[in-house]
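Presented below, as structure tokens, is a lone chain in the form predicted on its own.
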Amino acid sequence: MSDEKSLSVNKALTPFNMVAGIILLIGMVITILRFTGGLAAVSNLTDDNPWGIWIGFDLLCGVALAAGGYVTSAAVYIFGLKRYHSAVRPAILTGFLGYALVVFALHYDVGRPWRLPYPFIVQQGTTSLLFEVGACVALYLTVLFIEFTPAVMEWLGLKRARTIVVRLTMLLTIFGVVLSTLHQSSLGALYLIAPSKLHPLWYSTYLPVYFFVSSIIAGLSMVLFESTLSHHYFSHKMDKTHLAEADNVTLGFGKAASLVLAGYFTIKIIGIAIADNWHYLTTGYGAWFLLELLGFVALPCLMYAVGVRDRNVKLIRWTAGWTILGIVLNRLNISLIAFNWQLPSSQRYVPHWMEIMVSVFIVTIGILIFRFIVTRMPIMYEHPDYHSH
């Protein structure tokens, strides 16, 4: 009996669990400081820089990288690409957790987090873009939750309830795509009111289009990245169908990502041409913009195309990780690095270490919840009771 206990303890005390435990402990301490001492106790946010890394990374990056849910559902259920069906549940789970953690992260940024639902029940702020973003995110999070519930119901043995939800799949998918189109683009539209603050190379009247198109890229790449990690750490939870379809999913999503990246690169160039901002490319910010555009848009577009042509699954999966870094860089450039670019360096925003730690804390929670669900529920395999379905 003592040997079994020591074995279970050894399994629990893995390097990952120990590091995750330390992060959770530090995160909970900072959370207490934040909600007892206010924003000033844990952040460098000011009136000149009211939006920091919690908006730039947790919100803008989080929403973009959670786009795999609507992208995959649309591909399978609306466009009829049934050969990618094995990717739907992992993508829905990733999307659901991503949006849930975005809402959770917003509580740290909102001055009075208990007033987060006020625009829906107290104030009639329907003319605000933030209201539209908040409403769409809240509704889409609800849609993702409902889309995720069949896996939970199969796990709990609730067959009748599962049947009802499954019949709503097409309706939920269409509703989810509409909501995603609205709030993904609206996040970019938020920055249209700050033409004097955002550098001209990143500011454009096409920002809503840029955000929406890049969210498709982020969704496709995130599905590939999540699939890569899952095949490495959770392959024992996958059935034969999931394993057999993995390469086809990778090649198909890689091809789609390459095409969308090519389109995104084109409209970015058109944006520069219409605004006649070519002269800014010779500046320091211009070099940074070219690094983003060439290194994280043009290069992964080419790498995806080469990977699909050569059926090089490994190259496509590495490219997915590189593309995700590019999406993160783009969102941080718009929200932080190229924002307030004319202010002297002494007045520029630099995130406090505790702000960064909160973001790490939230990501860690997401990874732990994902691992908990995947190891217990039918996410990467078909439940034996539902083969006929």
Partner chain sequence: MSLTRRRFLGWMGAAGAGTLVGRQAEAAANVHFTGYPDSFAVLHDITLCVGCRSCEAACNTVNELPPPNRPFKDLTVLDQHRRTTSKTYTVVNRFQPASQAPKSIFVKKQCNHCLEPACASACFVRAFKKSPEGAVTYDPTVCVGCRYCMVACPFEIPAYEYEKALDPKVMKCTMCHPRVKNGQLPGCVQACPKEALTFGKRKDILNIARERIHKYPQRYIDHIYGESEMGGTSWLYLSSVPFSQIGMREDLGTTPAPELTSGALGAVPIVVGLWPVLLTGIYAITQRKEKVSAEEQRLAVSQAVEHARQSAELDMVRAMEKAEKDKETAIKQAVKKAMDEAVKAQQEVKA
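All values reported here derive from a predicted model rather than from experimental measurement. Residue numbers count along the first chain shown, from 1.
Although it is not shown, the form predicted together with its partner chain is what the next lines describe.
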* Asked: Is there any non-hydrogen atom of R112 lying within 4.5 Å of its partner chain in the predicted complex?
  -> yes
* Asked: Is T31 one of the residues lying within 4.5 Å of its partner chain in the predicted complex, judged by heavy atom distances?
  -> no
* Is there a heavy atom of F339 lying 4.5 Å or less from a heavy atom of its partner chain in the predicted complex? -> yes
* Using heavy atoms and a 4.5 Å limit, would one call G321 a contact residue for its partner chain in the predicted complex? -> no
* Tell me whether T36, F131 and A135, taken together, all sit within 4.5 Å of its partner chain in the predicted complex, counting heavy atoms only. => yes
* Structure fact -> Assert contact residue (its partner chain, in the predicted complex, non-hydrogen atom within 4.5 Å, options F265, W155, F104, F120) equals F120
* **Listed residue (V313, L182, M238, C301) with a non-hydrogen atom within 4.5 angstroms of its partner chain in the predicted complex** => L182
* Structure fact -> The stretch from 157-165, 267-275, 245-253, 195-203 that lies within 4.5 Å of its partner chain in the predicted complex, judged by heavy atoms, is 195-203
* Those residues of 159-183 which, in the predicted complex, come within 4.5 Å of its partner chain by heavy atom -> M170, I174, F175, V177, V178, L179, T181, L182
